[in-house]
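A lone chain, given as structure tokens: the form predicted on its own.
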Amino acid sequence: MIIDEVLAQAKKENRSVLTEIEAKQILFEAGINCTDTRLAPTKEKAVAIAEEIGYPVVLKVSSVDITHKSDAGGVKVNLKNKEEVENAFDEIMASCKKVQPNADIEGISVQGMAKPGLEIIMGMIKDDTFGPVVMFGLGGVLVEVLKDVSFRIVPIEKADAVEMTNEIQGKKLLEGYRGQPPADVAYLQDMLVKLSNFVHQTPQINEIDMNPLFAYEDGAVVVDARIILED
């Protein structure tokens, strides 16, 4: 199983933070839809992956030492051809090495450019009293500004997931506000249950952050993911 392999590799390297690629690999195996994200250790490999996935693509620095990739200049989006990928690769590497010269950079992740959708946050944290709890709310910058999130203790059932999506203040956005298409709320509820099941079966995980997750009229996809393991 990929989950066992990823966790074993992290333990071998004595690290508690997974790369975005590793996080998406194990979330995908848990049944959670994520953007196809692959590691490119070289510029040539980045171009090859981009052409295999199909343009436009997104490039991100892949380093467990760089948490806030955008702040370090480690993210380039909507790259439409080989030349743009090559330039973006060089710019990301130069910027990240300048901002965090001691960071261990394994390469650049290449992923397809997901179509825009309603930004959602979904994740898990461990409470000192209640243990693991799953979280749902409006994502992107909205989660920092509005803090409009709902929590439930793991494990949850479909009824709990329904309550979570209904009780956030931004519920109207899920339903389609002012002409915007509604989100596939049933799909999001299923994702919450899958996340809960995964967390319940994997006690080695301390924190999961999927933000943003783009919700569409039909389905949803995790665009960025972060997983922290127990020390």
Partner chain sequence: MMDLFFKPRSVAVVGASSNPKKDGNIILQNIINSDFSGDIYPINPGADEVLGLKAYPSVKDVPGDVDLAVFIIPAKFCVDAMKACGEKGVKAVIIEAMGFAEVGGEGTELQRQIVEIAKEKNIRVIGPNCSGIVSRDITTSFFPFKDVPRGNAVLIGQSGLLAAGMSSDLVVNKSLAINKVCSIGNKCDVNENDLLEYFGDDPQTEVISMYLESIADGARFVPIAKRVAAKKPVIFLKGGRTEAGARAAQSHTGSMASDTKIVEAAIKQAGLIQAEDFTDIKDWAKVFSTQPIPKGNRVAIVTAAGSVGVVVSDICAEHGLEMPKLTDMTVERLKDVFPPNMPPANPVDLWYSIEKLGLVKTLETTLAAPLEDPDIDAAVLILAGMSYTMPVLDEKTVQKITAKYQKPVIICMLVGYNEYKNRIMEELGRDLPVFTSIRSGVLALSKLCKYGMQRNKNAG
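Owing to the predicted nature of the structure, the values given are computational and were not obtained by experimental measurement. Numbering follows the first chain given and starts at 1.
The form predicted in complex with its partner chain exists for this protein as well; it is not shown, and the discussion that follows is about that form.
Candidate stretches 217-225, 21-29, 5-13, 203-211 - the one whose heavy atoms come within 4.5 Å of its partner chain in the predicted bound form | So the stretch in question is 203-211.
Partner-contacting position among Leu79, Ala114, Ile92, Val149 - heavy atom within 4.5 Å of its partner chain in the predicted bound form | The option sitting close enough to the partner is Val149.
If you check Glu119, Asp160, Glu84, Glu106 against its partner chain in the predicted bound form, which one has a heavy atom within 4.5 Å?
-> Contact residue from the list: Asp160.
Consider Ala88 of the chain shown here, and say whether it contacts its partner chain in the predicted bound form, taking contact as heavy atoms within 4.5 Å.
-> Close contact is absent here: in the predicted bound form, Ala88 is far from its partner chain, nothing within 4.5 Å, heavy atoms only.
Can you check whether Lys97 is within 4.5 Å of its partner chain in the predicted bound form, heavy atom basis?
-> Lys97 lies outside the contact set for its partner chain.
Looking at the partner-bound form in the predicted bound form, is Glu175 within 4.5 Å of its partner chain by any heavy atom?
-> Glu175 lies outside the contact set for its partner chain.
Just to confirm, Pro155 within 4.5 Å of its partner chain in the predicted bound form by heavy atoms?
-> Because a heavy atom of Pro155 falls inside 4.5 Å of its partner chain in the predicted bound form, the answer is yes.
Going by heavy atoms, what in 27-44 lies within 4.5 angstroms of its partner chain in the predicted bound form?
-> Residues within 4.5 Å: none.
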